[in-house]
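Structure 1 and structure 2 below are two forms of the same protein chain, each written out on its own as structure tokens.
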Structure 1
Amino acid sequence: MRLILCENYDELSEQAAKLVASQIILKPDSVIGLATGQTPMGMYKNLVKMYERGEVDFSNITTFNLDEYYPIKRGNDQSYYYYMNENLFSKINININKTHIPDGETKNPYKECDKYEEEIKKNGGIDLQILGIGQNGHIGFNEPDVSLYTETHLTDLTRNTIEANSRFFNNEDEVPKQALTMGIATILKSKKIILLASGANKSRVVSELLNGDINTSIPATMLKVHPDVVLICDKDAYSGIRLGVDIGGTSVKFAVVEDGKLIYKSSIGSNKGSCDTFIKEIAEECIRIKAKYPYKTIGVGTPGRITDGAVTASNLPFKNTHLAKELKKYIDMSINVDNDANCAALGEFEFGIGKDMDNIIMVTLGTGVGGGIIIDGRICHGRYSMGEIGHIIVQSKGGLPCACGQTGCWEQYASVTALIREATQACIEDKDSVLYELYSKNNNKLDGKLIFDALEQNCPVAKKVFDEYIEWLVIGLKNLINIFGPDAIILAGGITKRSNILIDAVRKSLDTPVKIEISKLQNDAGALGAAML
């Protein structure tokens, strides 16, 4: 689904009219599916203006309206028959014989529906369907239900729709209780679809549509299976405020993002006690932030494995924990959960080095080697554990054992843990070195920082270990480049922050047109990416 985000309703109306006009200019005998309601009125006004300026010729088009109340007289000023005449048909050079609206006066609604569906087929199907969206997520009059009837049919209106549409009638009792509507399959058979959403009262369903799963309780989510849908939305309907939560072993970071900008961040310590209290603490911080920043969606990045929404993480009290469901007990809104490394990659893609790129790979060097792959702007998940780049095998025979059960995994050679292991071994074997001096002064312990200190003091022992480390790092990076051909590989993690030693060495031995960069966002990437899930 492509999103055109407009500043306001006027811009939305203009954009929509332009798309409809282009369709008619390119194919003058187009079959257009029309919608009613308040939202498309501005679009119709713009189309009338374009007609008056001689920019569009409507004489050869055929139209099919989405729906009509049932029963309703054509003369009733709330019938969609009346609406179309008032807002469009009487003002342009359309051939009225080629316009179709389900007959709200029919004695046999079932036959009328079959006839209507047949007529659409006879005309070769709909080239471009315009849709509005009800506050409950209905399209046409396809109301939320456990299962949706797919072709043109007679339907009962829900309480919610009767209430919402009573604004056009004298009172609620006057609103017809039924309607004739194209079904979801009728709509999905259209070659192209434009969906219009305007106003804050649509923001909940728009958010569900953009962030939620396909489900019959929000019928518009069915549009996600269509290959050519453009959602034109104004800022009121599209809440740009999102919350990202990055759960880590020591802290949980929160980031509020509005229209692509970080506007607030906070963090709390990670509770290693019970799962319930940890989730409650996270939820409480979400609620506290919401009072100030009324976000509409939450994205959560978490370490560990996520299977069907259930998270199991070794450093945290999550064991088959359905994080989204648990958080929803405290805060009921659209919540998406993904792996933390994927979120960091998405953060860097949306806000950092990857901002103007299509494909990036983020490689995080730390205790292990983690990463996220973004292809064409989307996180690649695959079915099982795609993106677990730390576990690509770089040493086939005699490789070091890995906690994942394999041997020779990349993270056994390219993680900071591996660098420290090798450096410790080397300095113990050569006590006459700067590296050993730093090691012994630090209670016989090395860390990434000390290794870099030794490198800066030109210690040959540290240099040898580091060169070998770079060789292993580069082997994995080469594999990633060969498989994915990304625009950039972005390195993150504590050791990438230290001077240019690492990045210079990698660039020198990689010799590739692919950009090798250091993460711009580092610790903020995860929460920012989570916000954009």
Structure 2
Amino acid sequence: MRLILCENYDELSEQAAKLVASQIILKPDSVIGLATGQTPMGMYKNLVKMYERGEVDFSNITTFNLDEYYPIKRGNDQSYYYYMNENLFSKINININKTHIPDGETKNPYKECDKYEEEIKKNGGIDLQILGIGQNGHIGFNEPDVSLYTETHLTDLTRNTIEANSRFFNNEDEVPKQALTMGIATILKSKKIILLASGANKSRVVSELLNGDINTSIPATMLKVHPDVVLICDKDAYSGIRLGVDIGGTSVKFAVVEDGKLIYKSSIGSNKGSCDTFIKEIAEECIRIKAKYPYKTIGVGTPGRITDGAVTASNLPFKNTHLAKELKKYIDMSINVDNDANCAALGEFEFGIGKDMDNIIMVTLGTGVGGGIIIDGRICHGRYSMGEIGHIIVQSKGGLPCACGQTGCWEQYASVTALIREATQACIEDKDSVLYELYSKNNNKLDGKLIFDALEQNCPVAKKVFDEYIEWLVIGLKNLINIFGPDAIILAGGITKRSNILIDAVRKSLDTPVKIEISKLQNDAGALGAAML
């Protein structure tokens, strides 16, 4: 399923109309399946405008409407026969004899369903089917049930659907209690499908559609088996309340996001003992948060390698642990797991510096060098180790050994660990330096803060180490720019927070039009990005 995420309903309507028009232009005698309701109205308005501008010709197409109330007279202004004529057919050059809508006035609805099904087959099936999605996940009038009818049929409407549609009638009693509708199999036989979803009241079912399993309680999930489905939704339908979980070596951070805004955050300590106990503690905090913030999805960012959903992390008790499955033992909902650096990049892309960009690379400078790559608005994933930018080889011969088994890896030169290592060695060799003085006063230990303190006191030893560190950092950044050509590279980690010393030095050494920025979100990026998985 391909997702087109739109800023608002107007953009959704425009995108949907363009896809329908493209189908007709490529195949002028297309058979188009049409939907009714509130959501497709904007699409129809755009199609009318395109016709008026001479951009699309409807004269040779054949249409089949998805459904119709039963019983209802064609002249009723709430019938779908009336709806289609009012919103589309009367305003374009369509051959009305090639339009088909189930007959809501028929005396024999079962015969009408068989006839409608045969007519679809006689016309060679549907090339492109337009669908909306109900608040309970229905498509057409295929309501949630333990079993779903396959072909065109008469169905009873659920109380939920009757209540939702009552706003179009004078009162709820006027809403027909049955409908004639294409069945799931009929819909799935369509060569292409466009599914439209708009509004916050659709966010739960959109989330289930994208992240949940196939189940008859949400009929739209049946579309997962179709090879060519495009979901077009606006941000209100895509969002809702989400929970992000950022698992770290010392703490686990939680962030609740609603409609693109952080509304709550918390944290717990990381349990490095038992894997089962650690997962249970994470689940308990998720459950506690859900009592106050009824989120619909959980995204989890974790260090380590993730292969087929199994996580292995050296600094956590995860050894080939299927994290999502284990958490689902306590929380029965959609759970997505990804690498923590990917989540941080997604967080910065959605909420931070990268909000108005399409392509960014997040580089985290800490114990190692981590990275997340966003291209065309999506996290880049590979089968194995994509995004492990810290293990780009920057010194091919005589390079420093790395724990990964290679030599000359970038993180051996550009991590904070590497900076501290080189600074420690340099100050021991020059005991008259400011850097050594700070080192000795701190029980013969250095950290990033002390190195920057020495730089601000104009220590030549600290400056020499730092300049060499910047050279190695820039080598790796140049490689990333040459390979990916991003709009921006965003640096994160404690070392990036200290004044402008680091960012100024990088920008001065790196002659590029690519923006080099410091993370706006810093420690919150991972949890916020996880929420948006």
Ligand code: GLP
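Every residue number counts along structure 1's sequence, beginning with 1. By rigid core we mean the largest C-alpha set that fits within 1.5 Å across both forms. Since this is a predicted model, take the numbers as computed values, not measurements.
Between structures 1 and 2, only structure 2 derives from the form predicted on its own. When two forms of a protein are overlaid on their rigid core, residues whose CA moves 2 Å or more are considered shifted, and His153 is one of them between the two structures. Comparing the forms between the two structures, the C-alpha position of Gln178 differs by 2 angstroms or more, with the core used for superposition. Remark: with the core as the superposition reference, the CA shift of Thr277 between the two structures stays below 2 Å. The rigid core superposition between the two structures gives a CA shift for Val56 of 11.3 Å.
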